[in-house]
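Quick setup: one chain, the form predicted alone, written in structure tokens, and binding and motion questions come after.
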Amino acid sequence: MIDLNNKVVIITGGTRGIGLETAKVFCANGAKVIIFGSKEETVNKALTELTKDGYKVEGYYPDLVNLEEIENTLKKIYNNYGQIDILINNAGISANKKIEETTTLEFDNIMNINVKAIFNMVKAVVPYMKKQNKGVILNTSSMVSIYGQPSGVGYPASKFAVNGMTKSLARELAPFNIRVNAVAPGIIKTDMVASLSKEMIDPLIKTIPLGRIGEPEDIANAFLFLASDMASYITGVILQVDGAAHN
């Protein structure tokens, strides 16, 4: 176990997949977890699953593209707990359409959720972390931020932006003892991947030197390490967790 006892962590996109597993792992290691989701129903469903395991978790569903909503929610959380130690920006959407089929509205939506939402969350949380003179900000990137993908240009473009924000914010916030890192997952067994047929999965596995698709827990554990004091001298890093699939 890594001791995160009494650390307050906010996880956006915390209602399913990697985000939900990260919430479980952080709870199991003593953190006080607050999950953000897109809708009241999905937040309540995730809270039901987390609390049945005996964890005490809170949930909110602010519009991540609306800075004022985020600021109001974070103010409430800070007033309740007196601290915000860790922010995990995990909310995101993907894309796979060819560029001729992608509308500007769809492109804007990807950039809003994958980039602007992180900007808003960081902008809102930094004053609290500066007041504490400590904090950890972690972002979800992707292996496609390293080498792109054959269609759905908005997704890798947004994740390239996440990498740039991560590295730049790490330099800007280091004097305030705030570390900023990102995790770049490879092919992970989320709901979408789990629904693929064996005929589609097997060729994917052959491209991964470690010979398996990643589990959500693999990403959650990477976040756990980077959030902990074990990573106290690590900032500005994009940690690739992909079984060497990028090589």
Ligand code: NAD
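None of these values were measured; they are calculated from a predicted model. The first residue of the shown sequence is 1; numbering continues from there.
One more form of this protein should be noted, the form predicted in complex with this ligand, which is absent from this view; the next part is about it.
Within 4.5 Å of this ligand in the model of the complex, a heavy atom is found for all three of G13, G37 and I93. Interface residue among N44, N66, T190, N221 relative to this ligand in the model of the complex, by the heavy atom within 4.5 Å criterion: T190. The contact with this ligand in the model of the complex, taken as any heavy atom within 4.5 Å, belongs to I113 out of I146, I113, M165, L173. Under a 4.5 angstroms non-hydrogen atom cutoff, this ligand in the model of the complex lacks G59 among its neighbouring residues. This ligand is not shown here, and in the model of the complex it never comes within 4.5 Å of any heavy atom of Y128. The closest heavy atom approach of A23 to this ligand in the model of the complex falls outside 4.5 Å. This ligand in the model of the complex comes within 4.5 Å of a heavy atom belonging to I18. Considering this ligand in the model of the complex, the lone stretch of 67-75, 100-108, 136-144, 173-181 in range is 136-144 [heavy atom distance within 4.5 Å].
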